[in-house]
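Have a look below at one chain only, the form predicted on its own, in structure tokens format.
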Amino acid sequence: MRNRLSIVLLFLLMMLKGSGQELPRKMDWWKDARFGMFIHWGVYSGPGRGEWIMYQEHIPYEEYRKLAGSFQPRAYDPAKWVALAKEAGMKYVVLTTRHHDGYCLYDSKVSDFTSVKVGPGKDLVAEFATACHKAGMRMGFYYSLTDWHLPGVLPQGYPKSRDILQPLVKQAHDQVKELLTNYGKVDILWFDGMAPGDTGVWHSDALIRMARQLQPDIVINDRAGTAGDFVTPENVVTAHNQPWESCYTMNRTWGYAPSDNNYKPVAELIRLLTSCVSQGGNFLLNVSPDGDGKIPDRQITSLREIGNWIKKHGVAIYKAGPSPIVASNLGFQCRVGDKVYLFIQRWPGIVLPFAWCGSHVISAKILTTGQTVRVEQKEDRVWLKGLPATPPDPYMNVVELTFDGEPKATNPAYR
């Protein structure tokens, strides 16, 4: 009977593994990381008008191929990109290995439109992968399932004809296999641009199954027509009841666009990060190197400022999740273990009040300065006293609360 039960349990575990639903432990590092770098880079980075120019300007493939021929990134140094991500406090990096234009930044054997055959004459993904592995940085590959350079895909971009779809689908399966075979350990597979929505035509289940067979520990997003391991809202913070990640641009463009100076202030980027963290999500922030491979100075400055903030406040970011105790009158909050962190957007002055606290607060301190503050508590109402009259941090102030036991709420605050 015991042997029979063991066989049943083993069978169930194998079924879960095949479906991708055993992932809680596999996802642990990803959920702990909370902050990552997105990199949109390719042929479109040379003209500097965004990543959709082939479609939006309806550029014929032969004309676009000439643009690819002039793509010669002489300053390309992925080790610098990875070092910047680390300096910013990011825990993983996701590179666009192929965007919708179909141009592969790697040596694909099933396409003639690659960085080895047109343009640089080398495998750019290989250099990126080497830099990530050498630095101990978790690495993700973005891969667009559509391909505008194949015959018949443009102008509509999302073909319905099986004659057009079959080579598109076959190429995608072959290229994903290449990406997950030739570059060592890949931590994340980030799909995009799926066409069409019919997963049966696209063979999405087989695609995901192959990916998991080639990279058993890989985590996969939700844009290949299947549920995936995490959800990916774009340029909006939308919490989900499953692992999720908001991807954001620094300005308004994913690809390099020097005329787009609509940059979010550092304070807003940190607010977005803490908003994601407080709701149990990740924040994937995009950079857009130019055609030479240089990340714009404005983006580097912002990332370094974020990194300086994280050096003091990172304990409230990594491994963080929603808090049972809230102070929504002040901003966001999160929980890490038995500590609660208050992200204070509206500095209250010398007294910080919050309520609905069902546990005894034994100490509190301001992370920015390390200053401890006096705690007064009456039933579920708490007052932190002796704070500076003005906020000590210019971006986001964080107060750490330590409890006598597990932090609990009496009743959830309405707002």
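In this text the structure is predicted, and so the values were computed from the model without any measurement. One-based numbering along the sequence shown.
Separately, the form predicted in complex with a small molecule exists; it is not shown, and the next lines address it.
Checking Y64, W52, W356, W383 against the small molecule in the predicted complex, a heavy atom within 4.5 Å turns up for just one residue: W52. Screening W81, Y142, Y92, F332 for any heavy atom within 4.5 Å of the small molecule in the predicted complex leaves a single hit, Y142. Remark: of stretches 384-392, 34-42, 345-353, 367-375, the one touching the small molecule in the predicted complex is 34-42 (heavy atom within 4.5 Å). None of the heavy atoms of A327 is located within 4.5 Å of the small molecule in the predicted complex.
Looking at R223, you'd find a heavy atom of it within 4.5 angstroms of the small molecule in the predicted complex. By the criterion of a heavy atom within 4.5 Å, F283 is excluded from the residues contacting the small molecule in the predicted complex.
The closest heavy atom approach of W254 to the small molecule in the predicted complex falls within 4.5 Å. For the three marked residues, H313, D338 and E400, no heavy atom of any sits within 4.5 Å of the small molecule in the predicted complex.
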